[in-house]
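Presented as structure tokens, the chain that follows is alone, the form predicted alone.
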């Protein structure tokens, strides 16, 4: 989250990606960092112990949402 907030503050679009288990933590941290509107995409939890093929499937499934956050969203 810190890296994405830093990039956004420099005018470089970024997207925070985490598993769904961390949705509330991401929201709280974004608010604490003063950037509640930071772009984020959540993927199914858990991600540890996934095979490479399963991780590729997660990445493929999240790609459209990540691109949409980078290109379609107005951020401060």
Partner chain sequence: MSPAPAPALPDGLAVIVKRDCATCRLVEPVLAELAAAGRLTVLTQDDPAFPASVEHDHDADLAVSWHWAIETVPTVLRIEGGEEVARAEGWMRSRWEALTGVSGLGAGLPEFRPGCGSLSVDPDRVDELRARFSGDRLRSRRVELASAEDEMEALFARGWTDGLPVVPPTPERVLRMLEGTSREPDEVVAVVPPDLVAGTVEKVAVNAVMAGCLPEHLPVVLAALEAACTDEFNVHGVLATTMPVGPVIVVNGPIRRRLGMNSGVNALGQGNRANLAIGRALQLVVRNVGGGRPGEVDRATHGNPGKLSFCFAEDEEGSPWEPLSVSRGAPAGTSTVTLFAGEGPRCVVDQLSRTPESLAGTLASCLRTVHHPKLPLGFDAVLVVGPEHARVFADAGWDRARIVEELHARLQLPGDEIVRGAGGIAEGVPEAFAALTLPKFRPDGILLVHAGGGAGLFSTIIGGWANGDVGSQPVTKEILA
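Numbering follows the first chain given and starts at 1. Quick caveat: nothing in here was measured; it's all calculated off a predicted structure.
The discussion below concerns the form predicted together with its partner chain, not included here.
*Asks:* Looking at 67, 25, 12, 59, which is the one with a non-hydrogen atom within 4.5 Å of its partner chain in the model of the complex?
*Replies:* Selected residue: 25.
*Asks:* Would residue 41 sit within 4.5 Å of its partner chain in the model of the complex, counting heavy atoms only?
*Replies:* No - in the model of the complex, heavy atoms of residue 41 and its partner chain never come within 4.5 Å of each other.
*Asks:* Just checking whether residue 33 would be counted as a contact of its partner chain in the model of the complex - the rule being heavy atoms within 4.5 angstroms.
*Replies:* Close contact exists here: in the model of the complex, residue 33 approaches its partner chain to within 4.5 Å, heavy atoms only.
*Asks:* State yes or no: in the model of the complex, is some non-hydrogen atom of residue 21 no more than 4.5 angstroms from a non-hydrogen atom of its partner chain?
*Replies:* Taking the distances in the model of the complex, the answer for residue 21 is yes, it comes within 4.5 Å of its partner chain.
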